[in-house]
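One chain is shown next in structure tokens, namely the form predicted alone.
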Amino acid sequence: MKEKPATVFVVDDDEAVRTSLRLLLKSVGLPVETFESATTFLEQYDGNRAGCLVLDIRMPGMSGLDLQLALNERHSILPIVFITGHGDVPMAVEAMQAGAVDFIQKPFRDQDLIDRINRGLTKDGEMREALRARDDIRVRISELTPREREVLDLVTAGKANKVIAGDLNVSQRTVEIHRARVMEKMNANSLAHLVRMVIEAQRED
């Protein structure tokens, strides 16, 4: 199945705003989907879809901040650019503290919004690439034998081969063989590279 292109998701209860933003984003070649409420967006939300969320901070029912909280609970990495009105700066600061990438105050220049969206799309792409790499590392770790996994844990903890041999009650030569296999299976260029891989794999999504 072909992956959908990175999309700008616009959530705003004002139909005129949705229409103008859709036309603006299409004019610069960005795929766009619009939603009249936070609830509607959340019902159709797919965490695997790349993109950026342009979100009105004040909406009836579920507000923009409420939607941000709901997405955070789902471990969403979708970057959010909030559209704020006059007097919403304290709310915008709260949104940024909760992980929004940016906010823009109405009225705004079209180019300023496009610049913020492009930064969001770039960040989304970088995060998804890192996640794909992390998943690959986890697969490689899962394919190690139980003994190779033991050696991996001890090597990345900074223990020397001689110490590992004593811990596992095997010869130092056996440890060297296992260590070489671990490096090969993990596609690690060095011990430092191997340690970084393990740290990355242990990070929460």
Partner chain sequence: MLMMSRQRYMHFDTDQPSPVVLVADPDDEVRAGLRESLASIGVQVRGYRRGADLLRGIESQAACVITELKLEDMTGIELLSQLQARGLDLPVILLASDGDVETAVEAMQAGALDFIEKCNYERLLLWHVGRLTDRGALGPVALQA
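Computed from a predicted model, the values in this text were never measured in an experiment. Positions refer to the first chain, counted from 1.
The form predicted together with its partner chain exists for this protein as well; it is not shown, and the discussion that follows is about that form.
Its partner chain is not drawn, but in the predicted bound form it has no heavy atom within 4.5 Å of residue 118.
At a distance threshold of 4.5 angstroms between non-hydrogen atoms, residue 105 is in contact with its partner chain in the predicted bound form. When contacts are judged by a 4.5 Å heavy atom cut-off, residue 96 counts as touching its partner chain in the predicted bound form. Residue 89 belongs to the set of residues with a heavy atom inside 4.5 Å of its partner chain in the predicted bound form.
Residues of 57-79 include none with a non-hydrogen atom no more than 4.5 angstroms from its partner chain in the predicted bound form.
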